[in-house]
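Have a look below at one chain only, the form predicted on its own, in C-alpha cells format.
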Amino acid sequence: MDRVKRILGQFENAAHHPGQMVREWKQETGRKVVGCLPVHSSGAEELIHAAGMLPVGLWGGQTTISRASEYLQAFCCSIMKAVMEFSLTGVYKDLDAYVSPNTCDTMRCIPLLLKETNPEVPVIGLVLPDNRKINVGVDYLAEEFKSIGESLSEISGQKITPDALQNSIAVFNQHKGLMNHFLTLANEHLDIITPYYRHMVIKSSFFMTKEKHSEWLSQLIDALEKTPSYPWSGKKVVVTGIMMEPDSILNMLADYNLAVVGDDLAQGSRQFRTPLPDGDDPYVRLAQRFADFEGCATVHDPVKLRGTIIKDLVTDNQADGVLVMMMKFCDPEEYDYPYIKMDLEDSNIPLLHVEIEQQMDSVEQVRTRLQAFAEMLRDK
C-alpha cells in the first residue's frame, strides 16, 4: 500500500507542476518542447517525439481570466480562455512551438491569435479531415502529417526519418497499452485509485516523455497487482465529456462514495483506447488511427456511436450510472448530448448532466446535484 501511494504521489506532483517537468526536461536534454492543443493532437505528438522534442498537452487550467478576454469572446470555453491567458502571461514561455488542430470553431482561430500575441513562437496548424474514413481522407491526412513533420524538423534541427517515426509510434502504442491496463486494474482497487488519483495518473502523461510515464505506469501496475483487490461497496459511474476539472469535483465523488470505473473523456481514455494499426508507412498509420477513432463530438460521426460506446462502458464495468460533464460553451458536446441522453434512457441507465468550467467560482450547485444523484443510485 505504501509503495502504491508513493508512486501515485509522483503522478500527482507531475500533474500539478507541468512547468517544472518541462524545465527539468529541457535542462537535462537541451532539446525543445512543443505545446499540443486539444483535442486531436495524436499523430502530431508522435512526430514531435520522432523529431527529438517533447510534446506537452495544453489543456488550460484553473486561473483568473483577464487578458484573454481581449482576444476571445465571452461564450468561448474556459479551456481556450485559460490557454490564451497562459500564453499572454508568460506561463508558456518555455515552449518552442505550438501544434493546433482545427478541433472546433474556437480552435480554428487560436493559431492566428497565438501568432499575433507571440510572433516569435512558431504555430503549426493541423487541419483534420471531416471525411476521415474514406481513402482520400486517409491519404490527405497522411500528407498533412508529412508537411507537419517537415516543419517540426526545421524547428528541432533533427530530420524525421521513417524508422524514427516507426519507433515513436511503437513507444506511444506501448504507452496506450499500459494506460488501458492500468485503467482496468484500477477498478480492482477503487479504495486507492479514487477519481482524483485516476485523473492524476492520466493528466500527468501530458507533461513528460511517454517512456518515463510508461516506466512509472509499469511500477504502479506491478504494485497494484501485488495488492489485494478491494470489494467496493459504493456506487460506480462512467463519466463522459471533455474533462473532469476542477479537482474539487473529483474529490466530491469520493465524498459521496462514487467511484469512476470507466470514462469517455477527451482528456481521458479517448487518448488511449484506439491503437495505431500496423503498416509500412508510418504517416498512413497515423492517419488511419484518426479514421479508426470513434466517439468524440469534435469529429464527424453521422452514425452517432458515442451513446453505444458509453453503454458498453457501463455494461463492461458494471457501472450504476453515467455522469455527463458538460463543458460550458462547448457547442460540439452540447450538440451530442440529446443523442447520448436518448440512448442511455432507452437502456434505463441513470444519468446526470453537470455543467462545468475550469474557472468555476463555486461548485456548491454541483455538490448538491452529485449528492442527490448518489442518493438516487443508492435507492435504486
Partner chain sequence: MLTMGVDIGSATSKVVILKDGKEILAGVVISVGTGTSGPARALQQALDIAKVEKSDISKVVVTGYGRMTYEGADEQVSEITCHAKGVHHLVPTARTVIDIGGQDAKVIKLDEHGYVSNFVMNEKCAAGTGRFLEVMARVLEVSVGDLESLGAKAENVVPISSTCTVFAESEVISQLAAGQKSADVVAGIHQSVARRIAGLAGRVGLTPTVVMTGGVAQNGGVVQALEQELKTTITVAPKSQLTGALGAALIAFESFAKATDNVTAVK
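Positions refer to the first chain, counted from 1. Nothing here was measured: the structure is a model prediction, and the numbers come from that model.
Not pictured, yet referred to below: the form predicted together with the partner chain.
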Non-hydrogen atom contact L352 with the partner chain in the predicted complex at 4.5 angstroms
yes
Quick one: does Y256 come within 4.5 Å of the partner chain in the predicted complex, counting heavy atoms only?
yes
Given that the partner chain is not shown alongside this chain, does I7 nevertheless sit within 4.5 Å of it in the predicted complex, heavy atom to heavy atom?
no
Is there a non-hydrogen atom of E364 within 4.5 angstroms of a non-hydrogen atom of the partner chain in the predicted complex?
yes
Thinking of the partner chain in the predicted complex, which stretch from 28-36, 344-352, 58-66, 42-50 has heavy atoms inside 4.5 Å of it?
344-352
Would you check whether the partner chain, in the predicted complex, lies within 4.5 angstroms of a non-hydrogen atom from each of A372, M376 and D379?
yes
